[in-house]
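We begin with a single chain expressed as structure tokens, specifically the form predicted alone.
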């Protein structure tokens, strides 16, 4: 398998339509529909709208604010629209959460390189949990097979296809590190990505323009770009979603690991941590002195990848 906290300035632009068409093609379609005297059919590059209800939902979605600028009432209305749209498109009862960060929580992650055996159960769990594109085999997590003495994943094999573990090899996972001083946030020209108070770096997919500047800025290969419309079989869609997490994406937007925001803000572990058969992955609240992540940081020999870049990642590696 192929595998901070600062508030950004308010934005004035509107976001793209949930049905993935461009503003120009949408407005062209509206003018055509108006000229034809039809309010229920919009053409001109976006495809036909199945019903007046769907048309109104998409219209309201098109002109919504950036998530950070919404009132709670506006957030609730937005997720209600997305749930209705999901019902119309997929025939599924999708639950989209807009739960805010928990108080006194700052998430951190640690990876035990002496325990990981390269099985990649974590990768599969992440794909299923986060509604990742099955066609392009999009994966947030990459596992590198490393030679003894190496601690830089760029020197390892991230595309191995053989039985694991291999003698005299060890395994090192890489994903978004949710940096306190994240280069991806600085690179985004539309401020579509930012860090939440609980440390999770998120993306408002409706404000992403797909320029991929964040992808180029990330030194940890943490970002993924949708070159096509993601494909997830209906029966495999995870209906427990979060607006800033695993809701369905579309062509032309960036996405990334969100520490499974739809799970962790409910007090659960990320899917990758739950799925790891060897206990290699540790996740918890850095502000809780009794948490397992704090125990690891205090009692284990830990290091961070490319620490010289001063990105201050919330992802540590350690050894038993």
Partner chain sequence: MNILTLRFAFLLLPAVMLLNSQLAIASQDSVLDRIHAADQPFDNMQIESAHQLPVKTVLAKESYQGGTFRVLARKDAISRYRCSVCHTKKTPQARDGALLTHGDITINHGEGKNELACIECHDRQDRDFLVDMQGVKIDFDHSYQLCGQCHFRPKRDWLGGAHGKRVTYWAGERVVMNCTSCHDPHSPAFKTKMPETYSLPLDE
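Numbering follows the first chain given and starts at 1. Owing to the predicted nature of the structure, the values given are computational and were not obtained by experimental measurement.
Keep in mind that the form predicted together with the partner chain is missing from the display, and what follows is about it.
- Task: Pick the stretch from 76 to 84, 90 to 98, 219 to 227, 240 to 248 whose residues have a heavy atom within 4.5 Å of the partner chain in the predicted bound form.
- Result: So the stretch in question is 219 to 227.
- Just to confirm, residue 169 within 4.5 Å of the partner chain in the predicted bound form by heavy atoms? Because no heavy atom of residue 169 falls inside 4.5 Å of the partner chain in the predicted bound form, the answer is no.
- According to a 4.5 angstroms non-hydrogen atom cut-off, is residue 317 in contact with the partner chain in the predicted bound form? No, no contact at 4.5 Å.
- Item | Interface membership of residue 123, the partner chain in the predicted bound form, 4.5 Å heavy atom rule | The answer is yes: residue 123 has a heavy atom within 4.5 Å of the partner chain.
- Please check if residue 306 has a heavy atom lying within 4.5 Å of any heavy atom of the partner chain in the predicted bound form. Contact with the partner chain, no.
- Message: 105, 137 and 296 - do all three of these have some heavy atom no more than 4.5 Å from the partner chain in the predicted bound form?
- Response: Affirmative, all three are within 4.5 Å.
- Residues in 243 to 272 with any heavy atom within 4.5 Å of the partner chain in the predicted bound form: Stretch hits, in order: 264, 266, 267, 268, 269.
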